[in-house]
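The chain below stands alone and is given as structure tokens, in the form predicted alone.
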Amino acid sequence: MNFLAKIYVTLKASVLDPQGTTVTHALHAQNFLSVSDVRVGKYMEVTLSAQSKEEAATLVRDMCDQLLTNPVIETYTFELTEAQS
């Protein structure tokens, strides 16, 4: 079966986010004064083959832990759905 993993990567709350701070200031300059904070992250879509959804989830976790994220400063979540082949 083919699966689509939608992976969301963000900096851990304890890590400074200069890009997010810059976006916050830019939004304030555009008069979006109700914005109090912006955290900038990454979004990835990975299509993969696996025998089951559980196996696909294990593969995605391994990819995130070993290559797609920096576990020291980033955290991730993902959604997994069956993809059309």
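Computed from a predicted structure; not experimentally measured. Counting begins at 1, following the sequence as shown.
Keep in mind that the form predicted in complex with a further copy of the same chain is missing from the display, and what follows is about it.
TODO: Please run the contact check for Gln66 against a further copy of the same chain in the model of the complex: heavy atoms, 4.5 angstroms, yes or no?
DONE: Looking in the model of the complex, residue contacts with a further copy of the same chain include Gln66, since a heavy atom lies within 4.5 Å.
Open item on the list: Taking any heavy atom pair closer than or equal to 4.5 Å as contact, tell me whether Glu54 reaches a further copy of the same chain in the model of the complex.
Closed with: It does not: once a further copy of the same chain is placed as it appears in the model of the complex, Glu54 has no heavy atom within 4.5 Å of it.
Open item on the list: Even though the partner isn't displayed, in the model of the complex is Val15 close enough to a further copy of the same chain, meaning a heavy atom within 4.5 Å?
Closed with: No, Val15 is distant from the partner.
Task: Non-hydrogen atom contact Val9 with a further copy of the same chain in the model of the complex at 4.5 angstroms - done: Residue-level check for Val9: yes, a contact with a further copy of the same chain.
TODO: Scan 12-42 and note down the residues that get a heavy atom within 4.5 Å of a further copy of the same chain in the model of the complex; none is a fine answer too.
DONE: Result: Val23, Ala26, Leu27, Gln30, Phe32, Ser34, Val35, Ser36, Asp37, Val38, Arg39, Val40, Gly41, Lys42.
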